[in-house]
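Below sits a lone chain in C-alpha cells, taken as the form predicted on its own.
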C-alpha cells in the first residue's frame, strides 16, 4: 500500500475522521524560473547544469542581483526551496573572480554546518577549481586548524565556535578577516530568544573585528517565513537588509491534517494521550514501509514516543532498531549515525525534538506527525516541511494535546492557516548578555573612549564599571583587558546558565552518554529519576551538584518520572505600567527563586500515577523580566459576597494565559511561566505574573504588555470553545486542583475586565 492508498484509507475511516477538525490540502505548484545571468562564470554554470540546475528560481536570481549590487539581504522562503544556492552562487562567483576572496558561513548547529559544507564541496569538485572549503568546529583536528586559518576560502562554522574559537584568536585569522567578502547567516529565524540575543552580540564582535582589519563583508541571511524578517535581521545583524521573499520553487501536493484525540474522561476534560495517539497513528505507515518523522515537545516526550514506536515494530515482527530518537543531549557521533541512517533508508522512523526542524539533509520523508503544537506557526510549518521535501505527495498530521494552546489551534485551524507567522523576538541589550560579550569584545580589541558596542548607549558606563572592578584598565582614551581569565569560556551561548551537567553511565565502568543544562538537570537528573536515552531507561543514583555530574545505571522498569518546579518571586522593579479596566498592567524586572520540589512516577502505557518522592536540591536564583496584571482589591470582597473564591479564578487564569500567550510570541511554552497571587507582596493586590524563564529576559514581557487585550480575547475564546463543565487541562486546569468554579470565575473575570455584560459566575454556570 503506497502513501496515496493510505491517505484514501484514512479518509474512509470513521474512527479517524471523527477526530479530524480540518483536512487541508495544499495543491502542487510549478516552478517559476529565469535564465542564468550572462555574468555567471561558465565553470559554475556547467557544474550546476550537470546537477540538473538549468535555470534559477526567482528568489535565487534575485539573490545574485542583490549581491552584485552590494546590498545586504535576508532570503525568506519555505523549507526545501533552494535557499542554499542563494548564497553559494554569489560566494563561488566571487571566489572564481578573485582568488583572495573569503567567505564565512554561520549555521546554528554543527550538524547543519557539516551538511551544508558537503553540498558546497560537491559543487566545487564538479567545477574542478581550487576553492578551499573547510568546516571549523569543535571536532576539527588541531593539525588542520592552521591550514584552515591561512588558506580557507570558505570557512563553515557555528555561533559557538565563532564565539570561542575564532573571534578571541582573530590575530591567527588575519587572512580571513582582511579579505572577508561575504558573511552568510543561515536559519535566521532560529536565532531568537536568549540564543538569538547572544548571537546578535557575537555578530557585533565579528563586524567590529572586520572593521579593524579593513573589511566590510556583504551579509546574506536566510530564514523560514517569519512576520518581521527585516526588523529581526536588523536587530540580529546590526545592519538593515533587503527582504528577498518572492519564492519561485515548486511544491508537491501536501495534506495538513488537524487531529484532536478523543475524550476519555468527559468530566475532567481529559483526552487520549497525545504521545500514545501519535505513536498509534504512525503504525500503519510503519507497517507499509513509509518513512516517518515524529516531533515531540520535550526530551521526555521524544523518548516515550520511541518506546511506543519500538513496541509497535516488535508487534509487527520488524526490527525495533529501525526506529530511533534524535534530540539535544546525545553525543555528536550518535546524531551523525542517525542522520546517515535516515538518508540511506536504514531508519524507518525517527522521533525528534525540534533539533531536526532545521534543514539537515535526512533524505526524503513522506509523513510528519507532530505530537503537540510546535508552539509557533513558523516552527509548525518548518516541521511539516520535513515531509515531502522532493516534490512528491506528503502528509503532516498535527495531533493536539490537552493543553489550552493546542486546543485553541485544533479548534481554530483557520487561525493557523490564515495567520502570518509570529515575530522573532530578541533582546541584544539584555544587560547580563551584553556585559558578557562586552568583556569578550574588550579581550579581542581595546575599546576607544566614546565607542559604542552595538546600539547600547550604556557602553561607556559598562566600561567604567569593568574598570572599577579591575577587569579592564584605562590608559589614555583606551580601555584594555587586564584580567587573567579568558571571558568567552564563561559565556554559554545556548542559555543564560553557564554550566552543564554531564551524565555518566556506571553500568559498565564510567561512560559519558550525554549532558544537559543546569535548569533542566533539576527536572531530569534528580536522584531516583528515570532518565530516558534512545528508549533505554537509566536510574539516577546520584546527582553531584558541586561537580555537575549525574551518575546513572541501566534499569528496566514500567514507569518514568515527572518532576515539578516551584517558583517564587521576591523582588520587583517596574519599567512601565498602565491602568486597565478593574486593574493595572505592567512589565519590569523580577527576582526569581526556582526549586524542584517533588516528582511523580508515571506508569508507561496507562500513564497512571504510581507514587511520588521528594527532591533535595539547592534553590537557583536569578533575575528576569515579567509582565504582570493586577486586579482591584475590591473584586475579592465582591466575589466573596457571591460565595466565590478569587484565588480559584486567578489560578485558572494563570494556567490559561500561560498556555495561550506563546500563541502570539515566537516562543516555546517552556519559555514562559505563570504565577497567580491573591495578594502579592510586590504589588499589594491580586496579581498574575507571566515571566521569561531565561535570566535577564529576552523581550517577551514587553511584548505581552502590548498584547494584553489580545491575550484576554484569546483566553475568553478558549473558554467558550472548551466543552468541559468546571475546568480541565484544556482550559483552566483540572477542577480538582483549581476548584469547581475556577472556569466560571475565570470567564467572569475576563468578561468583566473586557467590558462585556456583567453577570455572576453562578448565573453563567446555570446558563452553561
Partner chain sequence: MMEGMAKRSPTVRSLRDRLAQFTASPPPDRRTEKIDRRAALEALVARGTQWMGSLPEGCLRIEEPVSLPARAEVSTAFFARAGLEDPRGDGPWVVLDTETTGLESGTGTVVFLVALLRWSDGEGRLVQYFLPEPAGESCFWTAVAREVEGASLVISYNGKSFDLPRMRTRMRLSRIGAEALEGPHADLLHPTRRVVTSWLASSRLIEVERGLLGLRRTEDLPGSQAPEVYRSLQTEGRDRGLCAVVEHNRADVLHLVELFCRLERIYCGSAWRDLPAEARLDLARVLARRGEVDDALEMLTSVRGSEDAKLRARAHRLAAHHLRRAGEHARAEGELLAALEAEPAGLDTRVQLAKLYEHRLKDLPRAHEMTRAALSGLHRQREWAGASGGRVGEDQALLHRLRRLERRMGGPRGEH
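For clarity, a rigid core is taken as the largest C-alpha set superposing within 1.5 Å between two forms. For clarity, every value in this text was computed on a predicted model and none was experimentally measured. Residue numbers count along the first chain shown, from 1.
The same protein has a further form, the form predicted together with the partner chain, not shown here; the description that follows concerns it.
Residue in contact with the partner chain in the predicted complex (any heavy atom within 4.5 Å), chosen from 560, 447, 599, 443: 443.
For the options 242, 593, 126, 580, the residue carrying a heavy atom within 4.5 angstroms of the partner chain in the predicted complex is 593. Looking at the partner chain in the predicted complex, residues 431, 480 and 484 each place a heavy atom within 4.5 Å of it. The stretch among 345-353, 561-569, 185-193, 277-285 whose residues place heavy atoms within 4.5 Å of the partner chain in the predicted complex is 561-569.
Residue 169 belongs to the set of residues with a heavy atom inside 4.5 Å of the partner chain in the predicted complex. Although the partner is absent from this view, residue 681 contacts the partner chain in the predicted complex, with a non-hydrogen atom inside 4.5 angstroms. Among residues of the shown chain, residue 232 is not one whose heavy atoms approach the partner chain to within 4.5 Å in the predicted complex. Under a 4.5 angstroms non-hydrogen atom cutoff, the partner chain in the predicted complex has residue 458 among its neighbouring residues. For the stretch 643-658, the set of residues having any non-hydrogen atom within 4.5 angstroms of the partner chain in the predicted complex comprises 647, 651, in sequence order. Positional change of residue 686 between this form and the one not shown reaches 2 Å or more at the C-alpha, relative to the superposed core. Taking the rigid core as fixed, one finds a CA shift for residue 619 of 2 Å or more between this form and the one not shown. Once both forms are fitted on their core, a CA shift of 2 Å or more is seen for residue 520 between this form and the one not shown.
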